[in-house]
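Presented as structure tokens, the chain that follows is alone, the form predicted on its own.
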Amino acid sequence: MPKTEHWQWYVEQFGPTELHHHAIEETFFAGRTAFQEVAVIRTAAFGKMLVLDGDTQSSQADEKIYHESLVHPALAAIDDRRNVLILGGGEGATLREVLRRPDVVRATMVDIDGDVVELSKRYLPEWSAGAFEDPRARVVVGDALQFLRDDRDSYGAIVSDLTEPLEDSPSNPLFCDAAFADIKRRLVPAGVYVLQASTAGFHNMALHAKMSRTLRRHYRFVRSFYAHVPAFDNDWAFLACSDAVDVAAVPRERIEDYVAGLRGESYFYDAETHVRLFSLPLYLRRELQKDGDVF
């Protein structure tokens, strides 16, 4: 094993008392866009990695765990997949997963940071795997909040791959009752809104619970689910929201049919994994039942 002094390190700070170190083999880009700090690096353990404002967004080794979990439970649950909206997702991997379903007629992706999109095309083409060139893809560089206000289309699924709603994040304005109402107006009656929803570890699940409590004011069904993402060094949570569909209760046979219709080979998600995603530990279920802060 090489000695630590031979490496440069990317240090991700999870909290005041918690750090995660990644040994860097190569830096492809490091700089600032109009909206955020961006780095594209290659790490010894996880391969290439996108970092925004000091936080890992995805890694080459395990991004499919995150992106398949974000997209497919929601799409498996709905009947109308013709029109799908993606908020954020600059790497193009969420777009890639949506377009694996041949019954998707159009996938619209709205990301505020066009520089991240272009950097991802240049340095992380494995993430999008040709999705940006798919004729069904519509990529809009702009403010997702403004897009939702101006848009008049309806979507069977809205997939939010935005950064966490921290105070200094460009996605923060999209986590409020007004924005959630705009999102719901764009859904078809039997549609699903699914979003990445922070961490689910026993020591850092408070933000996820806050997001869940807020969305329960807007939807009949708000289901938490999570997957362990090694590059995040954490259990990463998601929320599936609908007035008509309980994504946690989708029958196994339906998921098997859905997965069989996907183009390409899946890495993580299938009917058995679906059950695992929604099988929450007791401590998380208790936290979600508590009263507390909302957005």
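In case it trips you up, residue 1 is the first one in the sequence shown, and so on. Owing to the predicted nature of the structure, the values given are computational and were not obtained by experimental measurement.
Beyond the structure shown, there is the form predicted together with a small molecule, which is absent from this document and is the topic of what follows.
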Each of E164, L174 and Q196 having a non-hydrogen atom within 4.5 Å of the small molecule in the predicted bound form: is that the case here?
yes
Considering the small molecule in the predicted bound form, which of I112, A107, A200, A77 comes within 4.5 Å of it through any heavy atom?
I112
Proximity to the small molecule in the predicted bound form (heavy atom, within 4.5 Å), stretch among 55-63, 257-265, 22-30, 242-250
55-63
With the cut-off set at 4.5 Å between non-hydrogen atoms, does G90 touch the small molecule in the predicted bound form?
yes
Can you work out whether A179 and the small molecule are in contact in the predicted bound form, taking contact to mean some heavy atom pair no more than 4.5 Å apart?
no
Can V192 be called a contact residue for the small molecule in the predicted bound form at 4.5 Å between heavy atoms?
no
Would A137 count as touching the small molecule in the predicted bound form under a 4.5 Å heavy atom rule?
no
